[in-house]
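Read the single chain below, which is given as structure tokens and is the form predicted on its own.
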Amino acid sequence: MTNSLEITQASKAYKRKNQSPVQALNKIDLKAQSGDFIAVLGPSGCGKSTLMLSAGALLELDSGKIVVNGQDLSELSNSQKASFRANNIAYVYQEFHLIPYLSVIDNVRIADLALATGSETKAQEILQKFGLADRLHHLPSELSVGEQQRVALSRAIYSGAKIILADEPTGNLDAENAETVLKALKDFTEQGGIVLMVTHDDRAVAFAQKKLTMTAGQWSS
């Protein structure tokens, strides 16, 4: 199956009391398909985070549309969006958002725990790939920063997502750990996934297949 992300004329403004609205996105277009690794650059406040939240169906646009694998996100109810995200989209942040009282392997399998579904073997294989085979039953507080980010990325890959939205994924990492994470994201695209990554890190930009720069809610020429 070919994966796709299509953003068409996406606009989003934030209202402010007694002030003019802030136009975070201004008729943005973006197309991505299987194999694309896209880096999004730009200064703080230019709309990058709004773009990511919108692409992940976490924020509703004022106008325009976002279509993921043929599904127009605006046509889904909130519960349908949650289900669609779970099956199609994963997030990797600069902050790792690991559950502090769960072990490494349970953090990776977090979406499965309540239903007792999924594969512990699959989770172990992914963690082994990231050099975490001896950390399966450690808590996040017992891991280094680099190890925590590798757990977060393992969770994204384990989910079976077709698209990874990565927000400054190497922001807190040293060179060795950053390279491990970036290679894994590149491998993900080579296997048919899509990565949309916000970054200020030149190391990360070097791994990306495409580079887009945003200024004031629009792509810069």
Partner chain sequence: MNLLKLIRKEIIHRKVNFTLSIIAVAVAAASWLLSEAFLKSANLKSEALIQEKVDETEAHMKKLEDDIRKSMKGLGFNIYIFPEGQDLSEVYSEGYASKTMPEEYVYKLANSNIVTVNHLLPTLTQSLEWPEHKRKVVLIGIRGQVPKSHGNPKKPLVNPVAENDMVLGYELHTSLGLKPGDKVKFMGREFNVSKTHRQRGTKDDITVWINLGVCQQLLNKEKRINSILALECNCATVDRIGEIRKELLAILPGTQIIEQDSKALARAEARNKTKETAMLEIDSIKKQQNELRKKRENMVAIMVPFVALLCMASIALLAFLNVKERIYELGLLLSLGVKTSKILFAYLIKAFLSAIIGAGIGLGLFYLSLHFGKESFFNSHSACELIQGSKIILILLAMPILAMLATWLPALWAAQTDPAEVLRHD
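No experiment lies behind these values; they were computed from the predicted model shown. Numbering follows the first chain given and starts at 1.
What comes next is about the form predicted together with the partner chain, which does not appear here.
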query: Has each of Y93, I99 and I110 got a heavy atom lying within 4.5 angstroms of the partner chain in the predicted complex?
result: yes
query: Is V67 one of the residues lying within 4.5 Å of the partner chain in the predicted complex, judged by heavy atom distances?
result: no
task: Flag E147 as yes or no: does it have a non-hydrogen atom within 4.5 angstroms of any non-hydrogen atom of the partner chain in the predicted complex?
output: no
message: Whether L61 contacts the partner chain in the predicted complex should be assessed with a 4.5 Å heavy atom distance threshold; does it?
response: no
message: So, L76 and the partner chain: in the predicted complex, are they within 4.5 Å at any heavy atom pair?
response: no
task: Check each of C46, L53, A184, L30 and return the one that places a heavy atom within 4.5 angstroms of the partner chain in the predicted complex.
output: L53
